[in-house]
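Given next, in structure tokens, is a single chain: the form predicted on its own.
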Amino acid sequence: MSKMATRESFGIALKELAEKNQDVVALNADISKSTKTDVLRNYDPSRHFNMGIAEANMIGVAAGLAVSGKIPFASSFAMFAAGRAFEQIRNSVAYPHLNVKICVSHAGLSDGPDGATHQCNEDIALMRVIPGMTVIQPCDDIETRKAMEAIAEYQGPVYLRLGRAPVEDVNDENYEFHLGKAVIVHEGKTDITVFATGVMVQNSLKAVNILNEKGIDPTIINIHTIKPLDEKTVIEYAAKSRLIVSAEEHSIIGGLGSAISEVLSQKCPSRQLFIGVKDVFGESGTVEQLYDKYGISAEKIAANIEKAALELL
């Protein structure tokens, strides 16, 4: 099974889009090798703009390019794009509903060794609260490339969340990406449903193997589009489940779990288990160490689901 970081997939897909469409351009905040916009830069330097360590200005320039008819893909680390440039994303991109694609790397805990200042576990909350913003987090190489094709065709602002660490493929080349449509990746036999996003799809599938030994077989659903959320699928599975689980490499405040809870509290009240980073900052460490410490490894996901399932008996 191949492994590739979704940031790598983004770089490859960006070049492929640029080959097909002359309006595709890239902007970067002085870290093109890390976010992989350098793949496009090496292909066509005239369509790659290094804005320096000035994320706010990068978003402003991206807005101007969008007004000029270009399709700008602006890239930086999640911490600096979502955090430092929030005002420009809100006022210069989202308010006029411009066609800017904000593609961020090193999201969540995947930027392990760089520590809390660079790990961003708050960006989904920041972005999904902005009116009209589409928020996407693909789980693997194939889904990232398919998502890139979809957002290039979509007219409007998009926040695409990518990781630093290599991840295993969940999908094959026959996979079809549909914006705003959840994907059932494992239909379980137990009345427990896990809604996962990003690499938590892989970790949740691994957790199934552990849980099967305990006689627990939850359904796993990939929520690649966090906003707009696939409310129909969420409600459908909540109605036939005794326990709903959200799994995300993000704070449990304001992320996928919150989005699901907002829907279910109004339309299908359900018992919900939130798996994600608690109300704390991260720290330096390997990805594996951090996933384990912050409760989002396959083993910890399985343990928490088992505990919650026993409480239902």
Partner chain sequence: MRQTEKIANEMRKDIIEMIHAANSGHPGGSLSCVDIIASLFFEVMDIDIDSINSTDRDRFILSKGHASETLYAALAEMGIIPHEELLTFRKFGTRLQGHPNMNHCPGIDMSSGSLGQGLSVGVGMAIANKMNNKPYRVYVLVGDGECQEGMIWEAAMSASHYGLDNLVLIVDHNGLQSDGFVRDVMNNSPLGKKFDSFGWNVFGCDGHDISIITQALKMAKTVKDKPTVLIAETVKGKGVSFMENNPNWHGRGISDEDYIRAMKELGGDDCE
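Positions refer to the first chain, counted from 1. Predicted model, so just to flag it, every value in this text is computed and none were measured.
Beyond the structure shown, there is the form predicted in complex with the partner chain, which is absent from this document and is the topic of what follows.
Comment: the partner chain is not present in this chain, but in the predicted complex one of 56, 263, 31, 273 has a heavy atom within 4.5 Å of it, namely 56. Checked against the partner chain in the predicted complex, the residues 13, 302, 290, 25 give one hit for a heavy atom within 4.5 Å, which is 25. Using a 4.5 angstroms limit between non-hydrogen atoms, residue 64 touches the partner chain in the predicted complex. Residue contact check for residue 253: none of its heavy atoms lie within 4.5 Å of the partner chain in the predicted complex. A residue is said to contact a partner when one of its heavy atoms sits within 4.5 Å of a partner heavy atom; residue 95 meets this definition for the partner chain in the predicted complex. Using a 4.5 angstroms limit between non-hydrogen atoms, residue 51 touches the partner chain in the predicted complex. With the partner left out here, the partner chain still marks one of 145-153, 229-237, 71-79, 95-103 in the predicted complex; by a 4.5 Å heavy atom cut-off that stretch is 95-103. Annotation for 76-90: interface residues with the partner chain in the predicted complex are 87, 88 [heavy atom within 4.5 Å].
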